[in-house]
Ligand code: GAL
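Have a look below at one chain only, the form predicted alone, in structure tokens format.
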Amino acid sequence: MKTLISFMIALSVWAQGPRREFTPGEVWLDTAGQPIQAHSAGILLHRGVYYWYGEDKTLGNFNRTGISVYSSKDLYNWKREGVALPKDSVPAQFRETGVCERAKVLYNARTKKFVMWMHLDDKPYAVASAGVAVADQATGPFRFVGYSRPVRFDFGYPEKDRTNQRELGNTYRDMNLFLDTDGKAYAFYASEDNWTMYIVRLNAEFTGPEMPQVEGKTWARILVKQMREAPAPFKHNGKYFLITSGCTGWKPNRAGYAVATNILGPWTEKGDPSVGAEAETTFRSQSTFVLPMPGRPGKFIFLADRWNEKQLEDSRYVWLPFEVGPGDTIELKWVDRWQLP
């Protein structure tokens, strides 16, 4: 009943005309009046247009539809462009009861291609690999290239490792992409069965890791044994920031953030950036992306998912404004509604 009431309220707001503010945690309708289905969001700004990629949960959990894409010029009003990576684009084990999640897209100015990375898994979460797809247009269709584990590193594998990390490489789960100001791209992801975060520099095409791999030069282990996921990196004044969550499944937990002067580390943990009521659960949400606020250097938008485990299609989006303060401080505060400055 609450879901229906919330939807009816949102529909009434939509009928009044274009959206002009953010209302975190409420139903967010697209320009056709339908709830946006793009969970674990990744945002790409290309030639003045924002593209929002995410998991379509209309049919519930697992990869039953694919990765959808929406477009916007103002961040408030989003047009559904379709399914950028349909479920049938990936191998059978990653469809229906398989996993295709956390998709993020970068534009490669050299190859003129849009490159999507994602976490692919089977139902038991044992494949734990990175999937890569490319497209000529931001809206797709994306063509699946393949999947693999980018790094093979012996961190001391357990005797009975159900994910076969010794043979296949270190696991790849919750992830994000980051394009640095020098044009180099990186993948951030939870590895070692989610115990440790990895940062891996990508090759010139953004379709795989830079080779040869050298720890500390082309890739790094950070937040070692901290059990963090949902990485959301960004950069400000020459420093790198990374917001993450704990690993508690669909249940929300405390966020944490770290700062570095070199993207490959060392990283300094700063604690929980959330303050106020429900800070201990990051306002009942989990990080997915940080977007620079248009035309406002030093100001950003924190993007998160408020998961509804029993009705994943009704999971909500939590977008909150924040800025980097003196001493690299961050404070995430709840606001019921807000507008871009």
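One rule holds for the numbers: they count along the sequence shown, beginning at 1. Since this is a predicted model, take the numbers as computed values, not measurements.
One more form of this protein exists, namely the form predicted together with the named molecule; it is left out here, but the text below deals with it.
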query	finding
In the predicted bound form, the residue from Glu205, Glu81, Glu229, Asp193 that sits within 4.5 Å of the named molecule by heavy atoms	Glu229
Heavy atom within 4.5 Å of the named molecule in the predicted bound form - residue from Gly156, Gly249, Pro212, Gly238	Gly249
Contact test in the predicted bound form: Ser68 vs the named molecule, heavy atoms, 4.5 Å	no
Any non-hydrogen atom of Glu101 within 4.5 angstroms of the named molecule in the predicted bound form	yes
Tyr125: touches the named molecule in the predicted bound form, heavy atom cutoff 4.5 angstroms	yes
The named molecule contact in the predicted bound form: Ser274, any heavy atom under 4.5 Å	no
The named molecule in the predicted bound form: contacting segment from 177-185, 214-222, 255-263, 101-109, heavy atom within 4.5 Å	101-109
Stretch 259-289: residues contacting the named molecule in the predicted bound form, 4.5 Å heavy atom cut-off	Gln286
